[in-house]
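Presented below, as structure tokens, is a lone chain in the form predicted alone.
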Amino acid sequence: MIKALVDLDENLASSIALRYVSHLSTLLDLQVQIIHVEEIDRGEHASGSGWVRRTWEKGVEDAGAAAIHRLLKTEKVDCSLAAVPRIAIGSHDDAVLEELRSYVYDLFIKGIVSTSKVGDFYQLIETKLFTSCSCPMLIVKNLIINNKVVLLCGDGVDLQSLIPQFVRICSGADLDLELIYYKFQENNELLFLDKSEAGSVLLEAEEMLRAAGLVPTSSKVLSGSPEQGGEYLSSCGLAVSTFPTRKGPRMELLANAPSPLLLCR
């Protein structure tokens, strides 16, 4: 069973994330814990104490719980919930990281408003939450419902880190698995090159996946701009890679990909 922490607010990004989680539950043995954080300005009610503060906190928690209840009722999510949603008050990133540290989770899931702006994506993955999260992170940009999964290799991807984590989450799922080695190139159109252009990377990845019982349906080298590569990924239900630790072609490709992204450490 995969224990997943899902970060929700009462907004469109969370609605999309919930619907994707429902789809994911048909592919994986997924147990979901929801967390919602009521962010409070630093000075707001900071001077309260005792009964006054407890009453105020209870009111804030109740409001947060009501918001998540409305969201769940609207979306009618069909998945296994581990417990009632956890409602926290304070700094969003600190509260989520505390939850991740306090319990053992295999996956963290968050919906975002889709953007192809590299700066916005870089700003997101540079937040305290993403840089400090120790488990794989699933960023749901759009609701793309199919079982096509693309594993992105090359450009600093550590296969010894990527594949065991991917296998841990997706082993046993009925997936249409494709291996992609991405090469940045300003072409007029996206090119598909012989996999020998990837050296031994794709062969090594295929061997590791087969040893884990996962057989890719295809392996190929993609050559083009991040925008062209992102367009190619628009047809897949999940793109998987390691967490980009620096700006570069792969990070730009991930920024331009409209598909949900699974980023492994």
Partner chain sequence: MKILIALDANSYSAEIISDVTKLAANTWADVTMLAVQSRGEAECPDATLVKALSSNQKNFFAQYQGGELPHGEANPQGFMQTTPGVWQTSGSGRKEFTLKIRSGEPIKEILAEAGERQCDLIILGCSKDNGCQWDAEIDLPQKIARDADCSVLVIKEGRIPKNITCCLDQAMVSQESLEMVSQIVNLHQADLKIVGLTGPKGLPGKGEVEKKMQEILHYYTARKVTTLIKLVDNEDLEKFVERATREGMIALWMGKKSLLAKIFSKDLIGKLVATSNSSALILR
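For clarity, every value in this text was computed on a predicted model and none was experimentally measured. Positions refer to the first chain, counted from 1.
Form predicted together with the partner chain: not shown, discussed below.
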inquiry  = If contact means a heavy atom within 4.5 Å, which one of 160 to 168, 190 to 198, 74 to 82, 173 to 181 is the stretch that engages the partner chain in the model of the complex?
reply    = 74 to 82
request  = Using heavy atoms and a 4.5 Å cut-off, decide whether Leu12, Val113 and Leu143 all contact the partner chain in the model of the complex.
outcome  = yes
ask   = Is Ser234 a contact residue for the partner chain in the model of the complex, using a 4.5 Å heavy atom cut-off?
value = yes
ask   = Applying a 4.5 Å heavy atom distance criterion, does Met251 contact the partner chain in the model of the complex?
value = no
ask   = According to a 4.5 angstroms non-hydrogen atom cut-off, is Arg19 in contact with the partner chain in the model of the complex?
value = yes
inquiry  = Given that the partner chain is not shown alongside this chain, does Glu204 nevertheless sit within 4.5 Å of it in the model of the complex, heavy atom to heavy atom?
reply    = no
message = Looking at Glu227, Asp62, Glu39, Asp29 here, can you tell me which has any non-hydrogen atom within 4.5 angstroms of the partner chain in the model of the complex?
response = Glu227
inquiry  = Residue by residue through 244 to 265, which ones have a non-hydrogen atom no more than 4.5 angstroms from the partner chain in the model of the complex?
reply    = Pro258
